[in-house]
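Starting off, we have a lone chain in the form predicted alone, written out as structure tokens.
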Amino acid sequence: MNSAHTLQKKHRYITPQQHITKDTILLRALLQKNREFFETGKTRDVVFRITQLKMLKTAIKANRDIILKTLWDDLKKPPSEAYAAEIGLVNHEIEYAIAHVKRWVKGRKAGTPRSLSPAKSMIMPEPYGMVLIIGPWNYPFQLILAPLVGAIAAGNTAVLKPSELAPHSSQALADMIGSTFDREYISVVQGGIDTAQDILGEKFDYLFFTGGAKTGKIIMSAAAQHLTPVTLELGGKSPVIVDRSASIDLAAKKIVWGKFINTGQTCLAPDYLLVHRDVKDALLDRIKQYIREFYGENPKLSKHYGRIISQKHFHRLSRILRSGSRVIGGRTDESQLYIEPTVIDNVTMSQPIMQEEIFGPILPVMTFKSLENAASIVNSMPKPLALYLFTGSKESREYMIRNTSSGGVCVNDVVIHIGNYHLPFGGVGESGMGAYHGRTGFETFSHMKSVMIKPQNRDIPKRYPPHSKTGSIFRRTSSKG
């Protein structure tokens, strides 16, 4: 995922020996208030948490039109697409948390070894304290608000840092949060690289970041200065594999939808296509048909197709377009930050298009002879955030699940598993660490504290020294004392 990538240029961490600016002083004052609010204990009350979740849902509903407008202003994101991905998904997360948080906070019983009995053991969740959530520009509401749901449900206070690359959405988020919650409880800090550097120099109790792998390393390094636990939601090259037994029409339809939603600027988008050589031509024909059906003969004129976030990102994607042979699309317009839905054939592993996450409306195509061959290609690259497989074969499905590693797997569909709050969502290896959504989000922002309670009137004398020198573990006191 591309987010907060300006931190890749340079980074530093504020220390007491460095020059302290006025903005740093204001930031530290805000964080102190945030920490003091947590220490009042208000956030530990489950009724308080439910109330705040309901307030968040109400705020989102009240700001619906503003959210949709700012997403259009920043990304030309179509309203129906924006509502489903940025509002609807978050609402489902809120509703699920409200319905279950009373049960989650109770913790769960745990077993006790016979050697330690009698005792009662349990695992009790407790909030970390003050958490920092850093969000990206591609889904500027969903990818801050969905983790915020977990942070609120777990009983934390939160500081939110949206991306400066989506300025309209960032301001709308700040206005919505500022008018809904006490600033000492949940606050939004806006700004560019200097602000990000300053905030990363401060101590938090948990850090949640969604963005690219390069920036993720910087985030993790900053967190290490305070031994702060982190969740990193990154990205990578998520493959979509189509075998001979797949429904070619259905595969094409879903691939086109998942690849070109948000103009390809989605961490979960299929990054490259691996198709069995026997069905490649048929699949590409259907992909071309569905691009035309979804976006018309000229997608530039479509109300359902967005734009690239910035000139820098546009130029990077334009460079990637030089790989392989364009078989569908490829037209661009820098003045509108427009790149047509594009499919590129005759791609090799050494080309730039296969060496970095694309994060745009460009789909490279490679073929395979066998599933073993496809798995080998996937396993030759860093572990992806998702793996997509279209197949009608149970054996093929089980083989790919067993013989590849990815953050998640979705069979006969793409992207939509992010909406299943019963499943943890997260990466593995270079695609991230940790997960969230539903109960997993609550547990991510909770320290799962081990508790063992012994009765005060029971003891085992043999546990104490002096111990026997004979074969028995504990020495028995002789009658002579």
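Predicted model, so just to flag it, every value in this text is computed and none were measured. Start at 1 with the first residue shown and count on from there.
Beyond the structure shown, there is the form predicted together with nicotinamide-adenine-dinucleotide (NAD), which is absent from this document and is the topic of what follows.
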Non-hydrogen atom within 4.5 Å of nicotinamide-adenine-dinucleotide (NAD) in the predicted bound form for each of K161, I219 and G235: yes
Is A196 one of the residues lying within 4.5 Å of nicotinamide-adenine-dinucleotide (NAD) in the predicted bound form, judged by heavy atom distances? yes
Is P361 close to nicotinamide-adenine-dinucleotide (NAD) in the predicted bound form, meaning a heavy atom pair under 4.5 Å apart or at it? no
Is W137 close enough to nicotinamide-adenine-dinucleotide (NAD) in the predicted bound form to count, meaning some heavy atom within 4.5 Å? yes
Proximity of G192 to nicotinamide-adenine-dinucleotide (NAD) in the predicted bound form, heavy atoms at 4.5 Å: yes
Work out which of the listed stretches, 196-204, 79-87, 108-116, 386-394, brings a heavy atom within 4.5 angstroms of nicotinamide-adenine-dinucleotide (NAD) in the predicted bound form. 196-204
Since exactly one of T210, S170, N156, T263 fits, which has a heavy atom within 4.5 Å of nicotinamide-adenine-dinucleotide (NAD) in the predicted bound form? T210
Just to confirm, with a 4.5 Å cut-off on non-hydrogen atoms, which of A251, L143, V275, A97 contacts nicotinamide-adenine-dinucleotide (NAD) in the predicted bound form? L143
